[in-house]
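The form predicted on its own is given below as one chain in structure tokens.
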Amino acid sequence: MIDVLQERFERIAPPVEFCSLRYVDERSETIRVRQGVLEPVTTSGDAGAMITVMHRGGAGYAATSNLSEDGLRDAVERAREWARRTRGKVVDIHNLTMPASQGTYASPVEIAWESVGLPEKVDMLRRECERLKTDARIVDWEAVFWYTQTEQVLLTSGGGRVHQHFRYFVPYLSATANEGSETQSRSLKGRGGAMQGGFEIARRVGFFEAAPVLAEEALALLQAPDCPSGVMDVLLDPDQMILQIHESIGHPLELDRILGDERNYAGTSFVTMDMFGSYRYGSELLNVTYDPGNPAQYASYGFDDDGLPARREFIIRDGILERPLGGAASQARSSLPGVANARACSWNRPPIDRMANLNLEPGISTLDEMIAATERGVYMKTNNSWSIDDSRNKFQFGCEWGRMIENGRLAHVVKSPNYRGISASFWRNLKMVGRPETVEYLGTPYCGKGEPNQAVRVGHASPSCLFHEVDIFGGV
């Protein structure tokens, strides 16, 4: 199919400064056992191509699921017309040189999804679902496998050809307990146990060990007091850190957002272009990298959707903001260095600046040392709510599970732990960062941005982290 598409593209490519064809074929399968009952297995497939034309300062896009030569030719003419109409009216792209890369990328796989039969997968889910039902007070419980494979090809008029094959797997467990008017839930990483690879990921994220622990914690929360309110320290587990990084570092540093492209949908950013190279984003312990090359992480790739080769870069180093998250087009518009993160959710959307693997680098502290260093605070796990203002500055997060820390020791469990803050002061109060053994590689399948909306996969790796003097509250 790829060779056929290339032959067709060569025949229909118009005489313009730049033209590309990006083909995407995505197939998914979801298996769910809820309350011991196998729900209908769902499968989906979607394939098509996006044509991009850039000429004389204009840019146009047209998508089609008709991959015949006539269908592609029609898309080329529509994209060419939009490039004519947008000339000098949207953004200035005269200085933009698009990549013409050649290369391949494939997700690493140890145990192929297809090598495990459907009956065996269902038996695994039934077994773990049964292990969640430890008590009559567990009123809802489920076990899920969600697998996706995506084949993607980018062809450019400059001779570029990038072929990438991705395999994504999300194993998930949850248990909800109820007693009287009290309802509490615990889940496996809050759907954050998302990685690239095959069936080996289930064991890697602890899927086969987690069920009894989640059930026990959900039941414990029924009897737990509300999290107390006040200014104190907060120790965040990696499955909460990923949302903190995502919302208060990732989104405000997307360069097209800083340039104003997101104003009427998901807000702007408190970050301005003159901050790069000098602004203190956090304490000296804050080191954040864009790292698309970690093989099993959820948003790893060899090239972004514009064909820009991907490589690891520091975004924040020793607390100082170094570079934004912006692909080739935003880099040309802003004259700032960026990263290879122009990404689209599918064949029928154009690439925009998106987070990929955005990771907080490990420090030197053990979890025990962070607990011992806390006179009074709360240890929080697993995000279950979030809110952030339209400049991605003020935020509020809630977690599924909390435990008090008193005089350097773990104390009783608390329910409904929440905290809030302002990005700059919060990250500057980063007090201790966990060692490599506390790091977890997690992700989210549902990062939304753009009009029309695009939901993309994002990866985050983080150690446990301790923050000083945070506004904590409970009972919500």
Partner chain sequence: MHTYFYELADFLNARLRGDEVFTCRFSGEDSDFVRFNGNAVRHAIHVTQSSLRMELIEGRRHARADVTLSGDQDMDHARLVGVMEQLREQVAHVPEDPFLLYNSEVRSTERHAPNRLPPPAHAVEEIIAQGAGTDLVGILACGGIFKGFANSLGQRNWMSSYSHNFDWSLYHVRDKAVKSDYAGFTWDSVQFNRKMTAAKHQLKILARTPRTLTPGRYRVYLSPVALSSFLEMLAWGGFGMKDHRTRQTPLIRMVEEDARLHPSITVLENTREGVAADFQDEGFIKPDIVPIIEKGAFRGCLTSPRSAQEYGVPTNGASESEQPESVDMSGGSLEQDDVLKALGTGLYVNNLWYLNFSDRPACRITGMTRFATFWVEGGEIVAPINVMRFDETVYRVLGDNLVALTAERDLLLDSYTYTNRSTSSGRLPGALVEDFAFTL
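These numbers come from a predicted model, not from an experiment. Positions refer to the first chain, counted from 1.
The same protein also has a form predicted together with its partner chain, omitted here; what follows describes it.
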### Query
Among Ala59, Thr64 and Gly267, does every residue place a heavy atom within 4.5 Å of its partner chain in the predicted complex?
yes
### Query
Just one stretch in 381 to 389, 128 to 136, 197 to 205, 156 to 164 has heavy atoms within 4.5 Å of its partner chain in the predicted complex, so which one is it?
381 to 389
#### Entry: Residue (of Ser365, Ser185, Ser334, Ser107) lying close to its partner chain in the predicted complex, criterion heavy atoms within 4.5 Å
Ser185
### Position in contact with its partner chain when the complex is considered in the predicted complex, options Glu247, Glu217, Glu322, Glu361, heavy atoms within 4.5 Å
Glu247
### Query
How about Ala329: is it within 4.5 Å of its partner chain in the predicted complex, going by heavy atoms?
yes
### Query
With the partner left out of view, is Asn348 within 4.5 angstroms of its partner chain in the predicted complex by any non-hydrogen atom?
yes
### Message
Would you classify Asn429 as touching its partner chain in the predicted complex, given a 4.5 Å non-hydrogen atom cut-off?
### Response
no
### Message
Even though the partner isn't displayed, in the predicted complex is Val41 close enough to its partner chain, meaning a heavy atom within 4.5 Å?
### Response
yes
### Query
For the stretch 251 to 265, which residues lie within 4.5 Å of its partner chain in the predicted complex by non-hydrogen atom distance?
Leu259, Gly260, Asp261, Glu262, Arg263, Asn264, Tyr265
